[in-house]
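Below sits a lone chain in structure tokens, taken as the form predicted on its own.
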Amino acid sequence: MCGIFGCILKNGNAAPVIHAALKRLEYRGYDSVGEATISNGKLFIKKDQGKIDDVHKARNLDDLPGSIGIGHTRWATHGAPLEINAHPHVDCHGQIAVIHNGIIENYADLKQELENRGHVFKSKTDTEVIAHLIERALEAFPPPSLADAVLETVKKLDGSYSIAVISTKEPDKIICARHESPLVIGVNENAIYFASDIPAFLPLTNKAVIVDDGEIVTLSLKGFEIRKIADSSMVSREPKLIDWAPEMAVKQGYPYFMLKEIHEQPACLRNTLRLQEHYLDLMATFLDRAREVYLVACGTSYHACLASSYMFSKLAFLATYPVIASEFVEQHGKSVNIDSTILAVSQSGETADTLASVNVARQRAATVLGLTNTIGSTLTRVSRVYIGQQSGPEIGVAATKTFTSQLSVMSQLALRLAKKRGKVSQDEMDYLAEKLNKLPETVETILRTQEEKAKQIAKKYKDAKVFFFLGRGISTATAYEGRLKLMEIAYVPAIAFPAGESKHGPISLVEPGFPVVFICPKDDTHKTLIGNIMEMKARGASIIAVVEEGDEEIKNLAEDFFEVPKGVPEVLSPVPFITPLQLLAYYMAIEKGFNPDTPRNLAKSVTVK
């Protein structure tokens, strides 16, 4: 996720307006920033790594001439957060500038083709191919308009994008296009704006036009022209008045970032499915070579590792050892060696306990692999191979979208490794790949159909003193994560166990009305889990079940239940089954009057041991 903004002004310089707007978008990305303007037929650019205020202090972003310009604040997905990788990116002749929010899946093939034709690339980003493709399109005779060159270019792109383009060849226009990544236009009498989010221009105008997927827009002081990318047909759309307060606009109308980020999960899952295959293959190769594999993480990331250990075992026949990072050195520090592989998972890439584990492993010549949401973090620098999970910044302290994104990446890794090892038939591989690609749609369905139920269940149990969360197999990890979310933001004591362990002590706490949450996919554990439910009911527990749609057997045993779409394979089940539990935790916090974005005593990135 990145933030983009641009404007064309009747009077004054665009650069200070762009700078102020990017500050309002900094929640979308903050590892580098850049602006480009056009004045007197020339392109002017300032960009660098770092937060906006730091770059402005060093470079003075306001000191760019011209009344037309574009700007970008970045959250890296391709290429480290360096000045050379910051947007805008330009063509070979420095006449075209491009900014981009999204992920271009086929950039490597496009880049190779362009390099074969003599184009010279400067960055490691996927975005730079767009500038060179437009340059190539404009070389036709007779040359097309800038809008038509952009139109020809975006038809070659696979992936997600909202882009904006300026060129000295048509210095009075900005061309924008969108597929899956957000794009809005703002209009008033003296200027026209575009942005990835409404907050960028809300202090300037409250008249907005939402650009839909598959549309290209030409902006000028005359107004805006929208066409469909597929057939160039014109689209008529009137501006709407936005009555959000600025704080609400930043959250896109959601009352809290946590809820916004829960609802962003379908888009984040789509982004994880656009990972570059050679990185997945390379990491799978290292895992295949390892004599022993440790999955090391803290908190929510540890729960993703726990679920992943089931994935690797069931699909690739690879035994992995999920370890809480703060315990790794004591538990395994003396035993890791050159044959050991550590796959460290950290949203921030800066978690102190995880990095301490990595450092010990490196000292003993172990191979370190990394999975993180923050390109350029310490974890990416110390890993032999790393993968960016491409979730975008997560503002809410309680991890939601990063958890499901980590699971998506890990499942792809497990499938790659299974294929490499020949442990899964091609038919099963195809089936699992199909179901994996449908996960974004599945989560969308859950959010649409189960949110109201989460509100009702939260209201019913808001005064409960303690919760149990129970699951079997891979659902044990889901139970742990559901428990953690409820404790983090609603401050409700909660206990999670493998369901088979519940009668070895925890069941002594159960009394009439005691809420017990069961995670109940239709897998090999289903029949045994019913027995565990009966044990709890016999002692008066109130059963809250997360079940597959149509699972009447467990629905009839439960006082309350959430339903997820049927047909999700066991190894992928944590992604859809955690979603209603995230909603439950959120609405429990709301019912109890707590702010879910800033739970007490917690920080987003734990950088002390």
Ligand code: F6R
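This structure is a prediction, so every number in the text was calculated from the model and none was measured. Quick note: we count residues from 1 along the sequence shown, nothing fancier.
Beyond the structure shown, there is the form predicted together with fructose -6-phosphate (F6R), which is absent from this document and is the topic of what follows.
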Exercise. Does at least one non-hydrogen atom of R74 fall within 4.5 angstroms of fructose -6-phosphate (F6R) in the predicted complex?
Worked result: no
Exercise. Is there a heavy atom of Q265 no more than 4.5 Å from a heavy atom of fructose -6-phosphate (F6R) in the predicted complex?
Worked result: no
For this session: May I ask you to check whether G299 falls inside a 4.5 Å heavy atom distance of fructose -6-phosphate (F6R) in the predicted complex?
Result: yes
For this session: Considering only heavy atoms, tell me if S348 and fructose -6-phosphate (F6R) come within 4.5 Å of each other in the predicted complex.
Result: yes
Exercise. If you check V360, A458, V397, I507 against fructose -6-phosphate (F6R) in the predicted complex, which one has a heavy atom within 4.5 Å?
Worked result: V397
Exercise. Since exactly one of V165, V211, L484, M283 fits, which has a heavy atom within 4.5 Å of fructose -6-phosphate (F6R) in the predicted complex?
Worked result: L484
Problem set entry | Per-stretch contact check against fructose -6-phosphate (F6R) in the predicted complex, the hit in 518-526, 300-308, 131-139, 360-368 (non-hydrogen atom, 4.5 angstroms) | 300-308
